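What follows is one chain in structure tokens, specifically the form predicted alone.
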């Protein structure tokens, strides 16, 4: 945004970061992002991130895998090469569907897992040759960073709130 400043509040402890984010949100300031070396449980709700839709994509990929498995087993075992195995005729798919459950389950899990991984990598731009957007490399080791974009007139108030919440380092950009 034009006319805004970026503030990085760096913390040594994740509990101090969560408390600082709660204080900022209660004062109606928006926390743009948080960077940490490990996932912090509940931080999405604290900083006001909307719920992700990756579960919907997982369901869609799972339905795709199930559909592909049913089509594949029908084509291979009923249409293309019907074989009488153990006295079980293969004239109709519904007569043998219990035998196809393992294949259907495996292909459902395969498509859902790979689809979610690919969707996550594409959505977060973690592609080969693309550097991740990390404002401070120390956040991959032992520091926690809160990223704020604020109006210049709110800068002093936010800096004092960050200091009170336990920020060890504050960088105004």
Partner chain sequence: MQHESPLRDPLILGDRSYHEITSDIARPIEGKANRYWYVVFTISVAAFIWGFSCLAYTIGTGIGQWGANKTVGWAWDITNFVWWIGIGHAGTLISAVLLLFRQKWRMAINRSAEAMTIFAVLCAAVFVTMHTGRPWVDYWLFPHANQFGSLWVNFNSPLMWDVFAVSTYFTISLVFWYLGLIPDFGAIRDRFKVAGKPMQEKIYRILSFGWSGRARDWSRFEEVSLVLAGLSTPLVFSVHSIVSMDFATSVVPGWHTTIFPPYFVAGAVFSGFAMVSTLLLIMRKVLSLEHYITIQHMEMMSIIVTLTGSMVGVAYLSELFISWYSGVEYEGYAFMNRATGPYWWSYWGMMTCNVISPQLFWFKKIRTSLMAMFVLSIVVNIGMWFERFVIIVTSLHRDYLPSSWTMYHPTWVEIGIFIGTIGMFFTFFLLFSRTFPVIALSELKTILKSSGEVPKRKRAEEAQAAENTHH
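Nothing here was measured: the structure is a model prediction, and the numbers come from that model. Numbering follows the first chain given and starts at 1.
Just so it is clear, the following notes concern the form predicted together with the partner chain, a form of the same protein that is not shown.
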(request) Would you check, heavy atoms only and a 4.5 Å threshold, whether residue 64 touches the partner chain in the predicted complex? (result) no
(message) How about residue 155 - does it come within 4.5 Å of the partner chain in the predicted complex, if we only consider non-hydrogen atoms?
(response) no
(request) Mark residue 146 yes when one of its heavy atoms lies within 4.5 Å of a heavy atom of the partner chain in the predicted complex, and no otherwise. (result) no
(request) Mark residue 27 yes when one of its heavy atoms lies within 4.5 Å of a heavy atom of the partner chain in the predicted complex, and no otherwise. (result) no
(message) With the partner chain taken in the predicted complex, which residues across 112-140 come within 4.5 angstroms through any non-hydrogen atom?
(response) 112, 113, 114, 116, 117, 120, 121, 123, 124, 125, 126, 127, 128, 129, 130, 131, 132, 133, 134, 137, 140
